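First, one chain by itself in structure tokens, the form predicted on its own.
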């Protein structure tokens, strides 16, 4: 907290005025990431479209949330369940993962996605691709959210091969 206070140019007591402690600060940051992703998942869940279209929209919108909330989503991706706050965040994230796996399964059943890859593996690979952005993306204006979302969607759903 001392390092954070110094970086922000405030006192530790100023931070503690707003947050009870490190866990409360972590919970707030993780909630900021998860609330955006959950909102997107909720919107996609309500749509009356084929599963593959909803899945692609979920991927695109998740990339947009990631770009808009990069530091928070980066933190979420690195959470390992070492505290109650982290375990709660992982439980929320697993609910989103289940929606992705369900959509993949529905799209496979509809004949829109390959049946020879386990839907749970496909779901993890899709969001591994999305989450990999946290490793190299910088908030410097060079990469716009819609452009990145389109690139991830194209690679994931159309592949790289021409023809």
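Positions refer to the first chain, counted from 1. The shown structure was predicted, so the numbers you read here are calculated from the model rather than taken from an experiment.
Beyond the structure shown, there is the form predicted in complex with the DNA, which is absent from this document and is the topic of what follows.
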Partner contact for residue 10 in the predicted bound form: the DNA, 4.5 angstroms, heavy atom
yes
Although the partner isn't part of this model, could you tell me whether residue 2 comes within 4.5 Å of the DNA in the predicted bound form, counting any heavy atom of the residue?
yes
The DNA contact in the predicted bound form: residue 18, any heavy atom under 4.5 Å
yes
Is residue 22 part of the interface with the DNA in the predicted bound form - any heavy atom within 4.5 Å?
yes
